[in-house]
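Below sits a lone chain in structure tokens, taken as the form predicted alone.
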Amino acid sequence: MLVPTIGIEIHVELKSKKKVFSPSINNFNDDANTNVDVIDMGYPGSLPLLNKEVVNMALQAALAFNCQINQLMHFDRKNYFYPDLPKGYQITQKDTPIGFDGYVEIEVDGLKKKIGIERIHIEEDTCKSIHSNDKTYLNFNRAGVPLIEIVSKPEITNEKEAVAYIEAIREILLYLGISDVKIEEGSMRCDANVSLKEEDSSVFGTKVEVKNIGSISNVALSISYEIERQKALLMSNETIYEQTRRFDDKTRQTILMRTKETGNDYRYFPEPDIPYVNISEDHISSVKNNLPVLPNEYRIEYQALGLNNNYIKTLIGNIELNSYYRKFISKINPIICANIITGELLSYLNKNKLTIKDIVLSDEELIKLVNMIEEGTLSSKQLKEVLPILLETDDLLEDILEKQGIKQISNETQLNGIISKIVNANPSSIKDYKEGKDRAIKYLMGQIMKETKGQANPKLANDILVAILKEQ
């Protein structure tokens, strides 16, 4: 039986103020070729100067991914010629990556697994090539932008694990605050190495690299396609050659870019213009002790609070929304609050293309809203009517309820009279209830809500309804 072996390489742009080896501003989105220094352009005689902020960001990542740290590290020159590489070489780390032998934990279909991280190293980005008609233009704003490359061990076995791994990496980097990790915008770029081998064999199959996959969903599609493509070749006794392919999101297929007949000879050698870097134990401890709270810590806390997986995934996946939610969890019912924030509130934001920072809803009014839901004095249907007004105006909740004529009926005597009348008018539902048919309760609750125009306290109404039916 053929089984896949998958490794993922992720390049991540760091959000340092300056580039990694020059004093240029690190902002690729400024006008083209405005954030440029002679170092970025590879002028003869220009000397690189290592950015300490970049080293600290890379160190944070290495520690967050449970890596061992190379306390004495150096940089290397990776030599190759391409128009977007003005120096004719890239400054990177080959033999002494800042972090090595780490891991992240993922969960797929309820099963947890550790995926090993072989190495994390610092390097510089290249120019951005812009192809137009028969010409190619270069934007040097990206030349020298700091990157970390995160290389997994070949321990991923399917596309689900690959996606979970990338999402875990992205989550942690986002909470560290060192990168935007927007794969669709290029600040996070993924390559997948895919091969197949016999299940009981210790020998890996021939590796095929799929380059620059443009979205996390395409990671799954490209790996799935490549597994099936290689499987078909091997089942037909054809040979798989080491090659580089790209994923075409229109055809949902991987396309051959080039075949690797020989290994790349980059003629690595130590970068002579940057001295060895010594990272002290004290500095490592200082960075480690000041790491922010990471996603898994939030996940454990939210599970203990009783939040379901959908709430947890939505909150942790949106760092601004999560930060907003955390203001309330010790003040009000955390489950009802999570339901409102990840449900109606987030739906409103998405529909109107807003962020949580754009709303005018005060903390006090949200607290009132959650408390009313918990007390049963406001129904979920009424919430849908009230929340958009709270989000768009500075009106108080009490005033909105009065203006809209929204008031929940929670008077037991009043509800008892309404419900008794409805039950007596529906003898067939009484019969259905006695025969154990669930539809009876649902139908009668619908009639109660219709009669009260949705204002009956649903929990109280349901309790009264059941009590009346039992007496029949």
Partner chain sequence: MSKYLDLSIIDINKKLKAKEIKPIDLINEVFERIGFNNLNAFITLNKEEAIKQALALENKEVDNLLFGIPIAIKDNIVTKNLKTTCASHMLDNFIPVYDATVVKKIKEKNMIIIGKTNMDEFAMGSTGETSYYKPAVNPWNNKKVPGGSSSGSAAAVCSRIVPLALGSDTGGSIRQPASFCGLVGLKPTYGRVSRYGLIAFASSLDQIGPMTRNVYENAALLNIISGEDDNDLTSSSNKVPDFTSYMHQDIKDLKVAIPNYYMSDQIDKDVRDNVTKIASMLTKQGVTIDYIDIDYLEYAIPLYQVIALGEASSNLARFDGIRYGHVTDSFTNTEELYQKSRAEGFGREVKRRIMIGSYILSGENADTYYDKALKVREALTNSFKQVFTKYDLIIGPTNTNVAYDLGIKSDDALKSFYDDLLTIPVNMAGLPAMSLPIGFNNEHLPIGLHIVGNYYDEGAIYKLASYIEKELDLSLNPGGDDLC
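Numbering follows the first chain given and starts at 1. Treat the numbers as computed from the prediction; the structure is a model and nothing was measured.
There is also a form predicted in complex with the partner chain; it is not shown, and the following applies to it.
J.: Is there a heavy atom of residue 265 no more than 4.5 Å from a heavy atom of the partner chain in the predicted bound form?
T.: Judged by the heavy-atom cut-off of 4.5 Å, residue 265 is in contact with the partner chain in the predicted bound form.
J.: Heavy atom to heavy atom, is residue 82 within 4.5 Å of the partner chain in the predicted bound form?
T.: Output for residue 82 is yes: heavy atoms within 4.5 Å of the partner chain.
J.: With a cut-off of 4.5 Å between heavy atoms, is residue 334 one of the residues that contacts the partner chain in the predicted bound form?
T.: No, residue 334 stays farther than 4.5 Å from the partner chain in the predicted bound form.
J.: Does at least one non-hydrogen atom of residue 425 fall within 4.5 angstroms of the partner chain in the predicted bound form?
T.: Residue 425: no contact with the partner chain in the predicted bound form.
J.: Within 4.5 Å, heavy atoms only, one stretch in 265-273, 283-291, 347-355, 192-200 touches the partner chain in the predicted bound form. Which?
T.: Result of the contact check: 265-273.
J.: With the partner chain left out of view, choose which of 77, 170, 229, 113 has a non-hydrogen atom within 4.5 angstroms of it in the predicted bound form.
T.: Residue within 4.5 Å of the partner: 77.
J.: To verify the annotation, which of these, 207, 153, 87, 246, has a non-hydrogen atom within 4.5 Å of the partner chain in the predicted bound form?
T.: None of the other options qualify; the answer is 87.
J.: Check 38, 45 and 138: does every one of them have a heavy atom within 4.5 Å of the partner chain in the predicted bound form?
T.: Per the other structure, all of 38, 45 and 138 touch the partner chain.
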